[in-house]
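Only one chain comes next, encoded as structure tokens, the form predicted alone.
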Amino acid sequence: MNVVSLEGLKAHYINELYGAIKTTRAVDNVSLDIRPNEILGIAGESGCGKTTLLKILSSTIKPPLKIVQGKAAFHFDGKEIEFGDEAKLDEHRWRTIAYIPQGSMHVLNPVRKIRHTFHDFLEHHVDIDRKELDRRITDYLQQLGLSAKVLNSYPHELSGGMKQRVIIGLATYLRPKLILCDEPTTALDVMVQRNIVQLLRRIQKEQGNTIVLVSHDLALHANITDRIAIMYAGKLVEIASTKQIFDRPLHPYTRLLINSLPSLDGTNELTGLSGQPPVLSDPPPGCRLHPRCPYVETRCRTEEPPLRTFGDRTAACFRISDGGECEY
């Protein structure tokens, strides 16, 4: 059974400005199944709705964000919990669902030692005395490559990589079934990014949980994810295994994203996507990519391509044949 099921989900930011209602369609008609024991990547340009989708998955839906249509549900231990059932979801936070927010290195309380931060997070979930809890936390942090001294440190005394490991430790200590990561390697140097990626992959293998990782960095997805969901302007345009995405992208947007990456030998010709992403409060009709797409045809300007299945992958483009071949 899938861990999460989204069906026709629409989540909009609804703001009232000077008496007028402004609706930003950040997540617009998204259907997605998240499988157990996988690392699913969500990729796309800034502003495409990735972080909003992750907020929905973490059930941190606060005004002006509102689910306006569709169904979203968790599946834990054979039971279905619908989004919006806050009482039941509260029972699962941290123990079943953990969230590593964007800029997570800055969420640590600067005036509390790491030891006390762990106590704050775990006191409602672990019924043991503080001394034993400290011993277990120390053992776990050492498994993550941190020394026992970290517990008596303040956040400003730690490097960026150490703080990120602390956050990962907080999120994974209770072995949750679902871990949501929003840009977990932002502001880290390349070597530290590599270590964090390896750490997340190791934790996922050891604990057998599901990770949903949001990042605009395709190189990060290539190194850690099993599948990738590509988002553009609030919509999913392609979902496939990571190997399929990089070997044979179907959607023009995915293809252009891949072609913007340099090869190891530096011989490939880099191509980018011209223009700017659409404003989600007033998206273009038809395919939302059509004002920027080099393969646009007449119906793209008025008709919205459905997300179709091609074997074990899906994509939304009129120029993909029924046999799953790209006609461009």
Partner chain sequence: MKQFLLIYLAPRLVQYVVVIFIGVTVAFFAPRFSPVDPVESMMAKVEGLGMTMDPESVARMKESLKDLYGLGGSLPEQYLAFWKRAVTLDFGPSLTSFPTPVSALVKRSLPWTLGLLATALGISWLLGSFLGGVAGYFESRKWSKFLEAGAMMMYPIPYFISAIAMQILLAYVFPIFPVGGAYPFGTLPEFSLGFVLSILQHAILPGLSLVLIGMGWWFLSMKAMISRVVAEDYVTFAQAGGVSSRKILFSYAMRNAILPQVTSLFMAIGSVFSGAIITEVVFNYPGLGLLLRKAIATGDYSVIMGVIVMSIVAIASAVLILDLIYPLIDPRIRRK
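Remember, predicted model here, so these are calculated numbers, not experimental data. Residue numbers count along the first chain shown, from 1.
Unshown form predicted in complex with its partner chain; subsequent notes refer to it.
Its partner chain in the model of the complex comes within 4.5 Å of a heavy atom belonging to residue 123.
Not displayed here, its partner chain is approached by residue 101 to within 4.5 Å at the level of heavy atoms in the model of the complex. Remark: residue 250 does not count among the residues lining its partner chain in the model of the complex, judged by a heavy atom distance of 4.5 Å or less. At a distance threshold of 4.5 angstroms between non-hydrogen atoms, residue 142 is out of contact with its partner chain in the model of the complex. Contact annotation: of the candidates 271, 60, 276, 298, the single residue with a non-hydrogen atom within 4.5 angstroms of its partner chain in the model of the complex is 60.
For the options 257, 229, 170, 224, the one in contact with its partner chain in the model of the complex, meaning a heavy atom within 4.5 Å, is 170. Although its partner chain is omitted here, in the model of the complex none of 66, 69 and 71 has a heavy atom within 4.5 Å of it. Remark: of stretches 73 to 81, 209 to 217, 184 to 192, 107 to 115, the one touching its partner chain in the model of the complex is 107 to 115 (heavy atom within 4.5 Å). Of all the residues from 148 to 163, those having a non-hydrogen atom no more than 4.5 Å from its partner chain in the model of the complex are 154, 156, 157.
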